[in-house]
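As structure tokens, one chain now follows by itself in the form predicted alone.
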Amino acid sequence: MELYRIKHLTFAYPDCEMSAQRGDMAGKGKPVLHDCSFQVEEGSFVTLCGGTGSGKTTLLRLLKKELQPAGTVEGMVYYRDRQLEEYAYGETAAEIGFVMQNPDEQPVTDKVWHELAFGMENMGVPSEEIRRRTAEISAYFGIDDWYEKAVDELSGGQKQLLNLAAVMVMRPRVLLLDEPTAQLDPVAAQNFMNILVRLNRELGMTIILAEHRLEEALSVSDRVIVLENGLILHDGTPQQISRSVRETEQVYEALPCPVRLYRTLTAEAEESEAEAGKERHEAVPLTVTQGRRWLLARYQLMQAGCMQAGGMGKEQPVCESRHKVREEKAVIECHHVRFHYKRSCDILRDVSLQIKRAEIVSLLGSNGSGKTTLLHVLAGLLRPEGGRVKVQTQRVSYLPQQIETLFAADTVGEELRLVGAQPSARLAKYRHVHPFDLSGGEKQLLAWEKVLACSPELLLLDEPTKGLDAAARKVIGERLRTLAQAGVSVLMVTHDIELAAAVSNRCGMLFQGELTALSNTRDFFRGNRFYTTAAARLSQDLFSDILTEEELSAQCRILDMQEKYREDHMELISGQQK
């Protein structure tokens, strides 16, 4: 049964004028969405992906009447065979659920159980049914232990789970989610995705998910729609998308590691088969499990007898992608720092840390572990209750997690003029737009421009790639390397494990208010099973000491070259014998 039908949907925000003749913006670029058409079947799991500013959030909001943005709309949105505009306000409020990107933006009450009951109370649901529904949803989501807690005492992962539960208790037919795992730690993000899969598989819930990171979403989706510059670039099954997305397109970097590795290693073979008119029927590995099976099938025959405890290709050298830190003096250090908020136990118990000049240090950990609090203490925004902090430079820039606190002007152009900067290529088209009207990723880019305009010697970064597409995250990584090579020190709190592995000199984890396992990046990730990169999980027990996708690809190419040499050598020997 068809739940949504979108026909030739075009949308432009009110700061731009729509040209009916040309179908574009008169003098100010194209619409945010342009001529989008697709259908969504009831019970399906659809993932929307694309670069920062591609129109994902706008499209999602146009699918729920109560959240539709102001602007010029052309085309039609049908919900259950009726135009969405024909429904009265509130008529579909419960049927169409929406979960936002930022866990802090959605709660409206003080207590967890108040939040669960709030929507039903507004819909006039009887008290007895409210109690029954809240009890049932609490048991299903496993939130009984913090049912009586205050919302502001919850971690980010718990808040996002509460947001989802508060929507699901209204019994919607469709669930719209706008990058719901963007601010969650890797374990919490995985748990959240597992719940979405359960809702889809067990309850038949229709799910439309906007997501930058496809490591988990791609394999569980029935359908993937790729947006770029407001246009639908690709629309198909995960297998079709994995083959059709080109390396030149922004979304390619967002494909799971097994997909990109497969595409890299089979590129020449696929090109030869295409020239010969053959069609490749081998399935693209979408998950780590499928990728490991494919690697085994590809290399086990070549490396007969090498699948032993030591791993395959252990003798091969490991690529080292990070720069080495010179022996430098400390730019910032803290010793035995303690801190706690009112009505809470110690958030920071005994934290000691030293950042040297030109060094990049990444701190990981679960939501609520104290990472942001530590940055606030180091930035001078909070005074520690014990211990001391010593900063050796006055040129310190701080990128907060709530980046809206950096914005003080009415337009992007004015915002950058305040710090003597010009808009980058990706922000130039938004110079006349209010900063709060930007997408989450675009806000993040604007905040980056403001922070770096001050030419800092020390950068304190709180989730610097939050809301950014894979291509932008890669650019941020390269920029951090360049800054470090120029002598800038960086302390970064992040859930982006791939970024931390690619650019950091040292990594550590905050756990129960203490800094644990702070060590060289490779040593830190070597022993981890959950807080580690996709390439490390993919190559575990097959190759030794692999951390990044580039290292894994290099190892595979070495084996391919060895096999090619062996085959050529055998042909030569065979020819000589004849």
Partner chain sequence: MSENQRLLMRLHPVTILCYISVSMGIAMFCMNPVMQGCSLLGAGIFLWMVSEHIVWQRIPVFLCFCLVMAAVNPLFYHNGVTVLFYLNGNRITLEAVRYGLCMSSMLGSVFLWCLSLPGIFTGDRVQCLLGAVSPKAALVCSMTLRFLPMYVRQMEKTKEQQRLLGLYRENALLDRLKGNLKVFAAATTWAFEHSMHTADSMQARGYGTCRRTQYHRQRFKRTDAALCTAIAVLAVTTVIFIKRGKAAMQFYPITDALPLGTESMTAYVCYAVICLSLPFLMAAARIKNHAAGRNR
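None of these values were measured; they are calculated from a predicted model. Rigid core (definition): largest C-alpha set, two forms, superposition within 1.5 Å. Residue numbers count along the first chain shown, from 1.
What comes next is about the form predicted in complex with its partner chain, which is not displayed.
None of 348 to 356, 191 to 199, 433 to 441, 491 to 499 except one has non-hydrogen atoms within 4.5 angstroms of its partner chain in the model of the complex; the exception is 433 to 441. Contact check for Leu446: no non-hydrogen atom falls within 4.5 Å of its partner chain in the model of the complex. Under a 4.5 angstroms non-hydrogen atom cutoff, its partner chain in the model of the complex lacks Thr72 among its neighbouring residues.
Its partner chain is not shown here, but in the model of the complex it comes within 4.5 Å of a heavy atom of Tyr398. Contact check for Arg526: every heavy atom lies farther than 4.5 Å from its partner chain in the model of the complex.
Proximity to its partner chain in the model of the complex, defined as a heavy atom within 4.5 Å, holds among Arg131, Arg293, Arg479, His340 only for Arg131. A heavy atom within 4.5 Å of its partner chain in the model of the complex is found for exactly one of Ala93, Ile137, Leu458, Leu233: Ala93. Taking a 4.5 Å heavy atom cutoff to its partner chain in the model of the complex, the contacting residues in 99 to 117 are Met100, Asp104, Glu105, Gln106, Pro107, Val108, Thr109, Asp110, Lys111, Trp113, His114, Glu115, Ala117. A displacement of less than 2 angstroms separates the C-alpha positions of Ala135 between the shown form and the other one, with the rigid core held in common. Once you line up the core between the shown form and the other one, the Cα of Ala189 stays within less than 2 Å of where it was. Asp462: CA moves 2 Å or more between the shown form and the other one after rigid-core fitting.
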